[in-house]
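Just one chain follows, in the form predicted on its own, and it is written as structure tokens.
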């Protein structure tokens, strides 16, 4: 006759002390074999909703810029390879990360400088914040930088930056460094040349792929990354203002467009999506939240964003060239009395590829 199994202990009822002692001894005995009990960490590993350690944060450009200029006096672009001040998430200090999967930094290049040629497996975007006339070169083609332009450095492509103008130029660097680090898949290589040889006229990639047309052969020169590596702001701005004038305004986003890879219709980079949006004057947006954390750069105008997470509420007022981050599953809403334009990027393509992306548009 088999013994009757013991009744399960109801939730909230203290575990008898002998059982606690038995478990603790079990944990001690198996630890040398690198074993640990799942039941002690299950709720942290599989939480009921995203539980990011990241915090919402704002970097005011007027406060950051003096440190960029001091960096320009302290080290040359050639010495630094890339003279960048990292925008570190306040909850991830020391990790060179703005979210757990994304990196953000502000790069300065002074007149006459060259940031030497190199390449790496990390995908990179440049969003021009201040100054005009500098350039970036990708695999033999240069593009001139102007405020509001979005420029791509595809994974494992040679690239260098230079400034032939008479003023400092600053841009936002966005990379998937933490993501590549997590996957242990990072490679980098320095070029033997300071600047790569220019082999194609400026605008060649835009002419080939930027007019709803593509070459008969060779549609994917950079694999999953867009064959256009420079998206001028003047085109983006024109599209936003026309839609503001002629189309319905979204109650959550205002007028928001995503940049695309013209060869696929997907995101410009396999790991990062990029967006430009216009909040019309008087906009009072409804709240939303999404699983992809996003980094924002203010292009024009002023506004504010209300960010809520658990019991914490943060309100950031922002102006031109300010930057802020809204982490995963933080509820946010935008307002703008005078109207503004925002550029943003996130890790949405990875969420979508894994089938885990979620978004809620709240009322």
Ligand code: 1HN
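Numbering follows the first chain given and starts at 1. Just so it is clear, the model here is predicted, and its values are computed rather than measured.
Only in words, not in the display: the form predicted in complex with the named molecule, which the text now covers.
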{"property": "Contact segment among 167 to 175, 239 to 247, 279 to 287, 210 to 218, judged by heavy atoms lying within 4.5 Å of the named molecule in the model of the complex", "result": "167 to 175"}
{"property": "Among the candidates 163, 107, 143, 155, the residue which, in the model of the complex, approaches the named molecule to within 4.5 Å (heavy atoms)", "result": "107"}
{"property": "Contact label in the model of the complex: residue 103 to the named molecule, heavy atom within 4.5 Å", "result": "yes"}
{"property": "Residue 200 within 4.5 Å of the named molecule in the model of the complex, heavy atoms", "result": "no"}
{"property": "Contact label in the model of the complex: residue 235 to the named molecule, heavy atom within 4.5 Å", "result": "no"}
{"property": "Contact flag, residue 118 vs the named molecule in the model of the complex, heavy atom cut 4.5 Å", "result": "yes"}
